[in-house]
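Given as C-alpha coordinates, the chain that follows is alone and in the form predicted alone.
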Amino acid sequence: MNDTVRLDLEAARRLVAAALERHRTSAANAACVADALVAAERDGQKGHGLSRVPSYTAQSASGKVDGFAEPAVVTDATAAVRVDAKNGFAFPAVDLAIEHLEQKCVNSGMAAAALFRSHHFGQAGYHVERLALRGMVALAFANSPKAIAPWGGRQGIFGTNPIAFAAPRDGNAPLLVDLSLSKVARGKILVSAESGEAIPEDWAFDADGNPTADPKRALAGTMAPMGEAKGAALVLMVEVLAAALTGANFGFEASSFFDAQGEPPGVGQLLVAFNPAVFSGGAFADRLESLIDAMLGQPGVRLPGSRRLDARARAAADGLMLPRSLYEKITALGA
(Lines give C-alpha, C1' and ligand atoms only; values in the text may rest on other atoms or scores of the structure.)
Protein backbone atom coordinates (compact mmCIF):
# COMPACT_ATOMS: atom_id res chain seq x y z
CA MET A 1 0.00 0.00 0.00
CA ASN A 2 1.21 3.50 -0.84
CA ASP A 3 2.26 5.17 2.41
CA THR A 4 1.30 8.67 1.23
CA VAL A 5 -1.91 10.34 0.09
CA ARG A 6 -2.15 13.24 -2.36
CA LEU A 7 -4.75 15.96 -1.65
CA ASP A 8 -5.49 19.20 -3.45
CA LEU A 9 -5.57 22.27 -1.23
CA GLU A 10 -9.35 22.61 -1.10
CA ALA A 11 -9.80 18.93 -0.22
CA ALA A 12 -7.26 19.38 2.58
CA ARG A 13 -9.19 22.38 3.95
CA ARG A 14 -12.43 20.39 3.93
CA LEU A 15 -10.72 17.47 5.67
CA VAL A 16 -9.36 19.67 8.48
CA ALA A 17 -12.57 21.67 8.91
CA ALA A 18 -14.68 18.50 9.14
CA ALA A 19 -12.46 17.10 11.89
CA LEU A 20 -12.68 20.33 13.89
CA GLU A 21 -16.44 20.70 13.48
CA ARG A 22 -16.90 17.15 14.79
CA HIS A 23 -14.98 18.20 17.90
CA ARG A 24 -16.91 21.16 19.30
CA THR A 25 -15.77 23.89 16.92
CA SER A 26 -17.98 26.31 15.01
CA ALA A 27 -18.02 26.13 11.23
CA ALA A 28 -16.54 29.66 10.96
CA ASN A 29 -13.69 28.92 13.36
CA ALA A 30 -13.03 25.53 11.76
CA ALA A 31 -12.71 27.14 8.34
CA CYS A 32 -10.35 29.82 9.70
CA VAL A 33 -8.12 27.24 11.41
CA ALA A 34 -8.17 24.98 8.34
CA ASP A 35 -6.99 27.86 6.14
CA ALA A 36 -4.02 28.50 8.44
CA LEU A 37 -2.98 24.86 8.85
CA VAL A 38 -3.25 24.10 5.13
CA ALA A 39 -1.27 27.27 4.33
CA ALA A 40 1.52 26.07 6.64
CA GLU A 41 1.51 22.60 5.06
CA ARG A 42 1.49 24.18 1.59
CA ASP A 43 4.49 26.35 2.47
CA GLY A 44 6.53 23.40 3.74
CA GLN A 45 6.02 24.26 7.44
CA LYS A 46 4.74 20.82 8.41
CA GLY A 47 5.29 21.37 12.12
CA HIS A 48 2.54 24.01 11.97
CA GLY A 49 0.45 22.15 9.42
CA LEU A 50 -1.88 19.17 9.40
CA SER A 51 0.13 17.33 12.06
CA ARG A 52 -1.57 19.72 14.52
CA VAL A 53 -5.10 18.47 13.77
CA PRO A 54 -5.15 15.56 16.28
CA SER A 55 -4.01 17.79 19.17
CA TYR A 56 -6.29 20.65 18.13
CA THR A 57 -9.36 18.41 18.00
CA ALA A 58 -8.48 16.78 21.32
CA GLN A 59 -8.24 20.22 22.93
CA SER A 60 -11.50 21.54 21.46
CA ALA A 61 -13.27 18.31 22.46
CA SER A 62 -12.05 18.59 26.06
CA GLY A 63 -12.76 22.32 26.32
CA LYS A 64 -9.13 23.28 26.76
CA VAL A 65 -9.74 25.35 23.64
CA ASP A 66 -13.16 26.93 23.17
CA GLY A 67 -13.95 26.09 19.57
CA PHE A 68 -16.99 28.38 19.64
CA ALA A 69 -15.14 31.43 21.00
CA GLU A 70 -15.72 34.73 19.23
CA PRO A 71 -12.77 37.05 19.80
CA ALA A 72 -13.52 40.59 20.88
CA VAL A 73 -11.78 43.95 20.99
CA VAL A 74 -11.54 45.06 24.62
CA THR A 75 -9.38 48.17 24.13
CA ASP A 76 -9.60 50.36 21.03
CA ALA A 77 -7.14 53.27 21.01
CA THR A 78 -6.02 55.55 18.19
CA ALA A 79 -3.08 53.36 17.15
CA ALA A 80 -3.56 50.28 19.27
CA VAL A 81 -6.07 47.53 19.83
CA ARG A 82 -6.25 44.77 22.44
CA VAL A 83 -8.00 41.57 21.39
CA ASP A 84 -9.32 38.91 23.77
CA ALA A 85 -9.08 35.54 22.00
CA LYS A 86 -11.34 34.15 24.75
CA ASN A 87 -9.32 30.93 25.08
CA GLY A 88 -10.26 29.97 21.54
CA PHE A 89 -8.00 29.24 18.59
CA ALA A 90 -5.61 32.08 17.81
CA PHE A 91 -6.44 32.43 14.11
CA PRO A 92 -9.89 34.08 14.39
CA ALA A 93 -8.41 36.58 16.87
CA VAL A 94 -5.56 37.34 14.46
CA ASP A 95 -8.07 37.93 11.66
CA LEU A 96 -9.87 40.47 13.85
CA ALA A 97 -6.58 42.17 14.76
CA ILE A 98 -5.49 42.45 11.12
CA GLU A 99 -8.71 44.22 10.14
CA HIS A 100 -8.18 46.82 12.87
CA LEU A 101 -4.49 47.26 12.08
CA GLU A 102 -5.18 48.03 8.44
CA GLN A 103 -7.78 50.66 9.34
CA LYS A 104 -5.59 52.32 11.97
CA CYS A 105 -2.46 52.43 9.80
CA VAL A 106 -4.22 54.56 7.20
CA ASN A 107 -4.68 57.40 9.70
CA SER A 108 -1.96 56.87 12.28
CA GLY A 109 0.90 55.62 10.12
CA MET A 110 1.46 52.68 12.45
CA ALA A 111 -0.55 50.53 14.83
CA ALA A 112 -0.15 47.60 17.19
CA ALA A 113 -2.45 44.78 18.25
CA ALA A 114 -2.07 42.88 21.51
CA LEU A 115 -3.72 39.46 21.76
CA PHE A 116 -4.25 37.64 25.06
CA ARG A 117 -5.97 34.46 26.26
CA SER A 118 -4.72 33.05 22.98
CA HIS A 119 -3.46 29.72 21.66
CA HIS A 120 -0.94 28.33 19.17
CA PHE A 121 -0.10 31.09 16.64
CA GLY A 122 0.95 28.68 13.91
CA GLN A 123 3.21 29.88 11.12
CA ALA A 124 4.01 33.44 12.24
CA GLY A 125 4.95 34.43 8.71
CA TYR A 126 1.41 33.66 7.55
CA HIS A 127 0.08 36.59 9.56
CA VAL A 128 2.65 39.23 8.64
CA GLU A 129 2.53 38.22 4.99
CA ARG A 130 -1.20 38.99 4.94
CA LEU A 131 -0.46 42.45 6.34
CA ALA A 132 2.24 43.00 3.73
CA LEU A 133 -0.18 42.02 0.97
CA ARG A 134 -2.33 44.90 2.23
CA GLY A 135 0.60 47.29 1.84
CA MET A 136 1.99 47.32 5.39
CA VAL A 137 5.40 46.51 6.83
CA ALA A 138 4.69 44.15 9.71
CA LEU A 139 6.25 42.48 12.73
CA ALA A 140 4.89 39.65 14.87
CA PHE A 141 6.00 38.35 18.26
CA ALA A 142 4.45 35.35 20.02
CA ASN A 143 5.15 33.41 23.17
CA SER A 144 4.40 29.74 23.76
CA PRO A 145 4.54 27.11 26.54
CA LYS A 146 7.87 26.59 28.24
CA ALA A 147 10.48 24.93 26.07
CA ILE A 148 13.72 26.94 26.49
CA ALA A 149 15.70 27.43 29.69
CA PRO A 150 17.40 30.73 30.59
CA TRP A 151 21.00 30.56 29.41
CA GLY A 152 22.91 28.50 31.94
CA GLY A 153 19.75 26.93 33.37
CA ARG A 154 18.07 23.54 32.84
CA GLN A 155 14.40 24.22 33.48
CA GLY A 156 12.17 25.59 30.75
CA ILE A 157 10.90 29.13 31.37
CA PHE A 158 10.31 30.53 27.89
CA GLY A 159 8.62 29.20 24.79
CA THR A 160 10.28 28.89 21.39
CA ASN A 161 8.81 32.37 20.85
CA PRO A 162 8.67 32.97 17.08
CA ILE A 163 9.22 36.33 15.45
CA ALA A 164 8.27 37.29 11.90
CA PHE A 165 8.70 40.25 9.57
CA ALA A 166 7.18 41.04 6.18
CA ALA A 167 7.43 43.94 3.76
CA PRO A 168 5.40 44.59 0.60
CA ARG A 169 7.05 44.56 -2.83
CA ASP A 170 5.66 45.94 -6.06
CA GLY A 171 4.98 43.10 -8.47
CA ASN A 172 6.55 40.45 -6.22
CA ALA A 173 5.60 38.36 -3.22
CA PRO A 174 6.38 40.12 0.08
CA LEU A 175 9.82 39.88 1.61
CA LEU A 176 9.35 37.52 4.55
CA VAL A 177 11.43 36.53 7.56
CA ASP A 178 9.95 33.90 9.90
CA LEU A 179 12.05 32.57 12.77
CA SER A 180 11.61 30.38 15.78
CA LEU A 181 14.10 31.46 18.42
CA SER A 182 14.90 27.87 19.22
CA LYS A 183 17.42 26.28 16.89
CA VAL A 184 14.42 24.63 15.21
CA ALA A 185 10.67 24.90 15.72
CA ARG A 186 9.36 22.53 18.40
CA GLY A 187 6.80 21.26 15.91
CA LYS A 188 9.64 19.68 13.92
CA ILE A 189 10.57 17.61 16.96
CA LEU A 190 6.94 16.58 17.38
CA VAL A 191 6.85 15.39 13.76
CA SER A 192 10.07 13.40 14.35
CA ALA A 193 8.64 11.88 17.53
CA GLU A 194 5.53 10.75 15.65
CA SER A 195 7.58 9.24 12.81
CA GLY A 196 10.19 7.66 15.08
CA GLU A 197 13.07 9.50 13.41
CA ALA A 198 16.13 10.71 15.32
CA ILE A 199 16.94 14.43 15.48
CA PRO A 200 20.34 16.17 15.34
CA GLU A 201 21.89 16.31 18.82
CA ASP A 202 22.28 20.09 18.78
CA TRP A 203 18.53 20.72 18.51
CA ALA A 204 17.54 20.01 22.10
CA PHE A 205 18.45 18.81 25.60
CA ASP A 206 16.91 16.04 27.70
CA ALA A 207 15.47 16.64 31.18
CA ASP A 208 18.98 16.45 32.67
CA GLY A 209 20.33 19.13 30.35
CA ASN A 210 22.23 16.75 28.07
CA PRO A 211 22.10 16.97 24.25
CA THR A 212 19.83 14.26 22.81
CA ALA A 213 18.98 12.73 19.42
CA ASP A 214 15.79 11.17 20.82
CA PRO A 215 12.81 13.43 19.96
CA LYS A 216 10.71 12.05 22.83
CA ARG A 217 13.45 12.82 25.35
CA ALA A 218 13.77 16.25 23.73
CA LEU A 219 10.05 16.93 24.19
CA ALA A 220 10.46 16.08 27.88
CA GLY A 221 13.47 18.41 28.13
CA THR A 222 14.26 21.82 26.64
CA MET A 223 15.04 23.28 23.24
CA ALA A 224 18.38 24.82 22.34
CA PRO A 225 18.08 28.56 21.58
CA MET A 226 19.59 29.69 18.31
CA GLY A 227 22.73 31.71 18.87
CA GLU A 228 23.20 30.33 22.39
CA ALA A 229 23.32 33.17 24.96
CA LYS A 230 22.37 35.85 22.41
CA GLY A 231 19.41 33.78 21.28
CA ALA A 232 18.30 33.25 24.87
CA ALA A 233 18.33 37.04 25.34
CA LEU A 234 16.08 37.46 22.27
CA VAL A 235 13.73 34.83 23.67
CA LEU A 236 13.44 36.91 26.86
CA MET A 237 12.71 40.03 24.82
CA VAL A 238 9.88 38.31 22.93
CA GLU A 239 8.46 36.92 26.18
CA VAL A 240 8.16 40.48 27.48
CA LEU A 241 6.61 41.82 24.26
CA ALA A 242 4.18 38.95 23.69
CA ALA A 243 3.17 38.14 27.27
CA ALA A 244 4.02 40.91 29.76
CA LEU A 245 2.97 43.70 27.38
CA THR A 246 -0.26 41.96 26.35
CA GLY A 247 -1.21 40.72 29.83
CA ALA A 248 -0.98 37.07 28.78
CA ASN A 249 0.47 34.00 30.47
CA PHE A 250 4.22 33.51 30.43
CA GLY A 251 5.59 30.31 28.91
CA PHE A 252 6.16 28.73 32.32
CA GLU A 253 2.51 29.45 33.22
CA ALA A 254 0.99 28.11 30.01
CA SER A 255 -0.25 24.57 29.48
CA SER A 256 0.92 22.52 26.50
CA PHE A 257 -0.21 23.10 22.91
CA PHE A 258 0.16 19.37 22.28
CA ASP A 259 -2.29 17.70 24.66
CA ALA A 260 -5.81 18.14 26.02
CA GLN A 261 -4.87 18.28 29.71
CA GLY A 262 -4.94 21.33 31.95
CA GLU A 263 -6.26 24.85 31.66
CA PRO A 264 -6.20 26.85 28.40
CA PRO A 265 -2.65 28.02 27.55
CA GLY A 266 -3.61 31.72 27.63
CA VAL A 267 -0.52 32.89 25.75
CA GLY A 268 -0.15 36.20 23.90
CA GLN A 269 0.88 37.74 20.61
CA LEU A 270 1.86 41.23 19.50
CA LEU A 271 1.42 42.44 15.91
CA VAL A 272 2.91 45.76 14.80
CA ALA A 273 2.17 47.32 11.39
CA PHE A 274 3.66 50.36 9.65
CA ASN A 275 2.34 52.37 6.72
CA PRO A 276 5.53 52.67 4.62
CA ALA A 277 4.30 55.71 2.67
CA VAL A 278 4.04 57.72 5.90
CA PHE A 279 7.45 56.74 7.22
CA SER A 280 9.43 56.95 3.96
CA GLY A 281 7.73 59.84 2.20
CA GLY A 282 6.86 57.47 -0.61
CA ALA A 283 10.43 56.20 -1.10
CA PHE A 284 10.00 52.79 0.56
CA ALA A 285 9.34 50.62 -2.50
CA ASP A 286 12.36 51.93 -4.44
CA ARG A 287 14.61 51.79 -1.40
CA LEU A 288 13.65 48.18 -0.66
CA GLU A 289 14.22 47.09 -4.25
CA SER A 290 17.65 48.74 -4.26
CA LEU A 291 18.57 46.72 -1.20
CA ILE A 292 17.24 43.48 -2.67
CA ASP A 293 19.05 44.10 -5.96
CA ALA A 294 22.32 44.59 -4.07
CA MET A 295 21.77 41.31 -2.23
CA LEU A 296 20.77 39.26 -5.27
CA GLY A 297 23.68 40.67 -7.26
CA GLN A 298 25.91 38.28 -5.34
CA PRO A 299 26.02 34.69 -6.62
CA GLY A 300 24.38 32.14 -4.36
CA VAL A 301 22.17 34.60 -2.45
CA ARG A 302 18.49 33.80 -1.90
CA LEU A 303 16.01 36.02 -0.17
CA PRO A 304 14.75 34.78 3.21
CA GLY A 305 11.41 33.04 2.83
CA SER A 306 11.86 32.29 -0.87
CA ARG A 307 11.70 28.53 -0.35
CA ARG A 308 8.10 28.92 0.77
CA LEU A 309 7.24 30.25 -2.67
CA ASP A 310 8.76 27.18 -4.33
CA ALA A 311 6.84 24.88 -1.97
CA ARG A 312 3.66 26.92 -2.53
CA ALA A 313 3.94 26.59 -6.31
CA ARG A 314 4.46 22.83 -6.06
CA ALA A 315 1.46 22.45 -3.75
CA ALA A 316 -0.75 24.51 -6.09
CA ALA A 317 0.25 22.34 -9.03
CA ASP A 318 0.55 18.91 -7.42
CA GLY A 319 -1.38 19.12 -4.15
CA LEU A 320 -0.17 18.08 -0.70
CA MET A 321 1.48 14.76 0.08
CA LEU A 322 0.40 13.49 3.50
CA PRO A 323 1.56 10.39 5.34
CA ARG A 324 -1.26 7.89 4.98
CA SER A 325 -1.35 7.37 8.74
CA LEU A 326 -1.98 11.08 9.32
CA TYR A 327 -4.58 11.26 6.55
CA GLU A 328 -6.48 8.30 8.00
CA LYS A 329 -6.30 9.75 11.50
CA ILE A 330 -7.74 13.10 10.39
CA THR A 331 -10.38 11.39 8.25
CA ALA A 332 -11.49 9.33 11.24
CA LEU A 333 -11.67 12.46 13.39
CA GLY A 334 -14.09 14.02 10.93
CA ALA A 335 -16.26 10.95 10.43
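These numbers were taken from a predicted model, which means no experiment stands behind them. We number the residues from 1 along the sequence you see. Between two forms, the rigid core is defined as the largest C-alpha subset superposing within 1.5 Å.
The form predicted together with a further copy of the same chain exists for this protein as well; it is not shown, and the discussion that follows is about that form.
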query: Single option in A213, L179, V191, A260 placed near a further copy of the same chain in the model of the complex, where near means a heavy atom within 4.5 Å; finding: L179
query: Interface residue in the model of the complex among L219, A132, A112, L96, criterion: non-hydrogen atom within 4.5 angstroms of a further copy of the same chain; finding: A112
query: Partner-facing stretch of 57-65, 29-37, 283-291, 42-50, counted where any non-hydrogen atom is within 4.5 angstroms of a further copy of the same chain in the model of the complex; finding: 283-291
query: Residue contact check: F89 to a further copy of the same chain in the model of the complex, 4.5 Å heavy atom; finding: no
query: Partner proximity in the model of the complex: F165 to a further copy of the same chain, non-hydrogen atom cutoff 4.5 Å; finding: yes
query: Touches a further copy of the same chain in the model of the complex: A244 (any heavy atom, 4.5 Å); finding: yes
query: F158, heavy atom within 4.5 angstroms of a further copy of the same chain in the model of the complex; finding: yes
query: Triple contact flag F121, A173 and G187 to a further copy of the same chain in the model of the complex, non-hydrogen atom at 4.5 angstroms; finding: no
query: Residues of stretch 266-282 in contact with a further copy of the same chain in the model of the complex (4.5 Å, non-hydrogen atom); finding: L270, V272, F274, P276, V278, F279, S280, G281
query: Rigid core superposition, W203 Cα moves 2 angstroms or more between this form and the one not shown; finding: yes
query: Rigid core fit then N249 CA moved by 2 Å or more between this form and the one not shown; finding: no
